[in-house]
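Given next, in structure tokens, is a single chain: the form predicted on its own.
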Amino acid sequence: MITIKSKREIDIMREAGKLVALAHEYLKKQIKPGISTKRLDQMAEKFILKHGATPSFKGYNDYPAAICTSVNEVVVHGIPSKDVILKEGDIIAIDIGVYYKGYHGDGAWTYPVGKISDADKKLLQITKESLYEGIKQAVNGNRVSDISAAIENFIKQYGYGIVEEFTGHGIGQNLHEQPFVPNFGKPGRGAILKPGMTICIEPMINRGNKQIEILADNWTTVTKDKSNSAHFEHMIAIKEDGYEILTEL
């Protein structure tokens, strides 16, 4: 069931989204060669707790950390570890969820570690642009797959692989709600977008092909061809006259 949020609920989710954005701004400054992903996780959890929220991900289906830290060929759900030390030229996707006053906020961004290759710069730029192409379609009266088609059509021209096994999603009192929002598909399908709906749009794009595999920990998801992958996500509220991005400052 798709839930329609009241103004009061969206006001709370706006606060949750702002905290996600603030946490990203804070962590972005800590990303440099030599830091472990475990240290980033510890800093994120402390930051979230200090601001009166709790990490959405910790304990979710037994996930062991506050954030996801996905380095290079890791697509999503990279588990922070003291053994994963960032080095010059890496890229890292950080996914942050917060639970605040009974509602979740969720947002991901992929960052360079020091100086990265031109190919990875392009991957990050195109994936980010595809997110905003999808967001443009998140308006009253459109259908969910209008978002999906916009992302796919934008990415297709660059020959990148679009991950199909993971999608965007509704969000609210639960971290994952209906509708699910794929990053591929034909337009004009799925639920009609209505004011009060809150969704996360999150393209996961590989420099190589779309094939992925999940490692033995049942979380860490990597590209099969070991190509690098990027992940960008915003939480959106559908409005009468368009949309509002809730996870930006």
Ligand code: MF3
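Bear in mind that the values here come from a model prediction, so they are computed numbers and not experimental data. Throughout, we count residues from 1 along the sequence that is shown.
The same protein also exists as the form predicted together with this ligand; that form is not shown, yet it is the one meant from here on.
The three marked residues, Ile92, Asp120 and Arg207, fail to reach this ligand in the model of the complex, with no heavy atom of any inside 4.5 Å. You can rule out all but one of 135-143, 156-164, 173-181, 81-89: in the model of the complex, only 173-181 has residues with a heavy atom within 4.5 Å of this ligand. Listed residues Leu40, Cys68, Leu193, Ile48 were compared with this ligand in the model of the complex; Cys68 is the one with a heavy atom within 4.5 Å. Mapping the unseen interface onto this chain, His77 counts among the residues with a heavy atom inside 4.5 Å of this ligand in the model of the complex. Interface residue remark: His169 is counted as part of the site for this ligand in the model of the complex, having a heavy atom within 4.5 Å. Contact check for Tyr26: every heavy atom lies farther than 4.5 Å from this ligand in the model of the complex.
Contact annotation for 24-63: residues with any non-hydrogen atom within 4.5 angstroms of this ligand in the model of the complex are Phe57, Tyr60, Tyr63, listed in sequence order.
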